[in-house]
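Only one chain comes next, encoded as C-alpha cells, the form predicted on its own.
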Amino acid sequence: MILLTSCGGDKPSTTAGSSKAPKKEATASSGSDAAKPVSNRKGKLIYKQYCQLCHGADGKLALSGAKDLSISTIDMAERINQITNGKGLMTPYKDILSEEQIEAVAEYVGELRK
C-alpha cells in the first residue's frame, strides 16, 4: 500500500520569497536537449518526479497497475484528462500540478510512443 501512495510524489518545493508563477527555463546552449522545446524538457522533469516510479523511465515499467505508455493509443486530450483526474489507482494531479505542467508532461508522455 505504501508503494501505491508513493507513485504520486510530492509537490515541488518552493524557495521562500519566490513567486508562485512558474519560471521560464533558459535555453540550453549545448547538448541534445538544446533543440527541444522548453515544454518537452519541463515535461520530462515533471515525468521523472511524479510518473517514473510507476511507469518507468521509458514508460514501460507498468508497476502497480500502471499502463505501458509506450503502446498507449490515447490522444493528447485524454492524456491531459487522465493526468488531471487520475484513473484507477493513478493519483489525480489537478491539485498538485498547474495546467501548464500537466500539458507539458502529457506532451512528453506522447513522445514515449515514438
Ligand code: HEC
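Since the structure is predicted, the reported quantities are computational estimates derived from the model, not experimental observations. Sequential numbering from 1, following the sequence displayed.
Keep in mind the form predicted in complex with heme C (HEC) is missing from the figure; the text below concerns it.
Asker: Given that the partner is absent here, does residue 60 sit within 4.5 Å of heme C (HEC) in the predicted bound form, heavy atoms only?
Answerer: The answer is no: residue 60 has no heavy atom within 4.5 Å of heme C (HEC).
Asker: Given that the partner is absent here, does residue 40 sit within 4.5 Å of heme C (HEC) in the predicted bound form, heavy atoms only?
Answerer: Result no; residue 40 lies far from heme C (HEC) in the predicted bound form.
Asker: Can any non-hydrogen atom of residue 74 be found within 4.5 angstroms of heme C (HEC) in the predicted bound form?
Answerer: So residue 74 counts as contacting heme C (HEC).
Asker: Answer with yes or no whether residue 45 is in contact with heme C (HEC) in the predicted bound form, where contact means some heavy atom within 4.5 Å.
Answerer: No, residue 45 sits far enough from heme C (HEC) in the predicted bound form that none of its heavy atoms falls within 4.5 Å.
Asker: Of 62-77, which residues get within 4.5 Å of heme C (HEC) in the predicted bound form if you count heavy atoms?
Answerer: The stretch 62-77, when checked against heme C (HEC) in the predicted bound form, contributes 64, 65, 66, 67, 69, 72, 73, 74 at the 4.5 Å heavy-atom cut-off.
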